[in-house]
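Only one chain is shown below, in structure tokens, and it's the form predicted alone.
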Amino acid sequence: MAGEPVLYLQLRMFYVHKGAEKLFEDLPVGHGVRLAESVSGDSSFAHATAFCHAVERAAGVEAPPRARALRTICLELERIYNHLGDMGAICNDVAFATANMHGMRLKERALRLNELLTGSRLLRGMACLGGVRYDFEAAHLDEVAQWLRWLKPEFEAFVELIRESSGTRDRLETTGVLKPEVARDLGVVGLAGRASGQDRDLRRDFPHAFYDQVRFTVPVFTEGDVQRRLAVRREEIYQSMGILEQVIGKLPEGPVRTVVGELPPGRTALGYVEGWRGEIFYWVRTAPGNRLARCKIKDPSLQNWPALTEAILGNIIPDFPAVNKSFNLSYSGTDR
């Protein structure tokens, strides 16, 4: 660096290596769900669901319709609470502390709803092989509906607070630009990719869980700056609220779990989920004794880190926190 402009950014990763992929080989396959939850803590339900999806496909079974619907509810709740926190944190990195406090307030209400529904603020312990561990009773669904009615005007006020701040807009627009052609060449995925013109979303393109039963729009922008990465989060929250309402309205009756018997050895399968940060993949190969011979994990952060080095070039050092937070990549998810 020479003065304020950033001339070069070198990433030095892989200092938190946990050996998670190898640990899957030493566990009974059913215990792998809890291990998957720990790969990236803010995406614990998405990772666990992607793992379950892979194992279920290897076993030749499918989660019941109600279980798939409940998985969708949890995936969208995970998306909402993370996006709310990130929107506030991005504002905080350009000294708009009031917006950050409102973002944290809305996120806290979402986390409390998670705990009410599943017993965990981060939705841990909900996913299981063959479906979900707990059913939602009518009272739980009413709580979700009431929370959505509360959240809509509160979120709109939060969005308007940010929109009216010309200083915040000045700091975020044209800052940390990731050009669409660079995003394409790097294979950037998820919200960062959609802010740079990459129109991809597994929920729409390869529907899993209950996503083939709901209608929603995938927000895509081409400017690729911090403002648009915030805008993707904003628009996805609106879409998530609509998805939740549709799922609750169409929630099928029936069991929430299918028994997954002993896995046949020598099978391979791919499980996937569009997590809040981007696409998550689990590839498994089964072994004798109801265990895995191999489990390969792909968190979206793994392929998105190089995008940060491109987006920060030419910006000034004080803008780095906002650019970094606009990607909000997972060290733990990268270094499995």
Partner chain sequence: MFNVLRQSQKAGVVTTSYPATPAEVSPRTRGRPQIDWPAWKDARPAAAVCPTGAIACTDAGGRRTATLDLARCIFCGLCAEADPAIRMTHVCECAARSRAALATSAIYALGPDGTHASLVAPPAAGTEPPVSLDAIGRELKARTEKLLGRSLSIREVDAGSCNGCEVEIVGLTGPVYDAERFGVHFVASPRHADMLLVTGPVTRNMELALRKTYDAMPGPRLVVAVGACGCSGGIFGVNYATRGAVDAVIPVDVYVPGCPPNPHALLHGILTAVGRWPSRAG
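Model, not experiment: these values are computed from the prediction. Positions refer to the first chain, counted from 1.
There is also a form predicted together with its partner chain; it is not shown, and the following applies to it.
Stretch 98-106 is the answer when you ask which of 195-203, 239-247, 98-106, 178-186 has residues with heavy atoms within 4.5 Å of its partner chain in the predicted complex. A single residue from the set Thr222, Thr174, Ser120, Gln213 has any heavy atom within 4.5 angstroms of its partner chain in the predicted complex; that residue is Ser120. In the predicted complex, its partner chain stays beyond 4.5 Å of every heavy atom belonging to Ala139.
By the criterion of a heavy atom within 4.5 Å, Trp147 is excluded from the residues contacting its partner chain in the predicted complex. When its partner chain is considered in the predicted complex, Asp135 lines it closely, a heavy atom lying within 4.5 Å. Residue contact check for Val218: none of its heavy atoms lie within 4.5 Å of its partner chain in the predicted complex. Every residue of the trio Val16, Arg112 and Ser332 has some heavy atom no more than 4.5 Å from its partner chain in the predicted complex.
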